[in-house]
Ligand SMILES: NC(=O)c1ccc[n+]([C@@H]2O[C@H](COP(=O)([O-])OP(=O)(O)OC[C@H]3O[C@@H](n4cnc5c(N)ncnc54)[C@H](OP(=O)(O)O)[C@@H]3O)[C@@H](O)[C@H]2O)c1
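The form predicted alone is given below as one chain in structure tokens.
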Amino acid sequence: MTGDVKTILITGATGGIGRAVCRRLAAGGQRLILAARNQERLDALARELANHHPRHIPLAVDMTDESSIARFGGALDAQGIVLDGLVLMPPQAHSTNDALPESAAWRTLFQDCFIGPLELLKTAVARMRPDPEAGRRAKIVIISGISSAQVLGHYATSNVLRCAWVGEAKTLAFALGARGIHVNTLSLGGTLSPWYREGIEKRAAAAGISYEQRLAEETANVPLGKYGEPSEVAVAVEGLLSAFSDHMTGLNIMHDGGFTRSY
């Protein structure tokens, strides 16, 4: 690497938030390892971003499948990739009011939303070579949700899984800090990704009102009076990967327009 160019692994790269993060980091001159399930969509994203950096690498991986993660690690090694950062977007559990799902459901949720993604995180950490004395640090940003700090009734299982990620991030902050690896979580409130917009449209149609009316109703209790944009998430991620966070680790940062009111 030369200058300030860093190699950052982005999971969920082809999703609404993932694309915004990739575009922001690519525009800043970073080299990206683009990871998601669909290779064709990854290849298309790499072509889109090539104007900023011709060496973005699209690599398919299924975070719910540990054999897929092992192959992904082998692919990183085959190309001699050393990582400076990771943006981990674990799969999220669907909304549910069921606080007591069957044991089999819990096992599946923890495998898909925690254990598998944690294996990918371990794969990334093994390929980081920070050197704090030389001013080179590695940064991990885990994308979570506000139920990590404030329980939401219709996210019963997510309340547990997101708290698990916050706890793991704080544990890793202690375990990896001396090596110069920083671990922070960014917990999102309502964010207007394409699928979230579709959900608002459906709720508006069911209520017989316009999208704008429904959006105003849903954001009435958000101090900033709005949901976030993927581009705003990308700015926050960029900051946490930069020198801005050189004395920050183990933090769970709310990105929710002030909705979470905790002290």
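The first residue of the sequence shown is number 1, and the count goes up from there. Small disclaimer: the values here were computed from a predicted structure and weren't measured.
The same protein also exists as the form predicted together with the ligand; that form is not shown, yet it is the one meant from here on.
With the site C-alphas superimposed, the ligand pose in the model of the complex sets the ligand onto this chain such that no atom is closer than 2.4 Å to backbone or C-beta atoms; an open site results. Taking non-hydrogen atoms only, residue 148 never approaches the ligand to within 4.5 angstroms in the model of the complex. Although the partner is absent here, residue 90 is a contact residue: one of its heavy atoms lies within 4.5 angstroms of the ligand in the model of the complex.
At the 4.5 Å threshold, heavy atoms of residue 219 stay clear of the ligand in the model of the complex, well away from it. Among heavy atoms of residue 14, some come within 4.5 Å of the ligand in the model of the complex. For the ligand in the model of the complex, the listed stretch (202 to 210, 35 to 43, 22 to 30, 234 to 242) containing residues with heavy atoms inside 4.5 Å is 35 to 43. If you check the ligand in the model of the complex, you find no heavy atom from any of 161, 182 and 249 within 4.5 Å.
Contact annotation for 188 to 207: residues with any non-hydrogen atom within 4.5 angstroms of the ligand in the model of the complex are 188, 189, 190, 191, 193, 195, 196, listed in sequence order.
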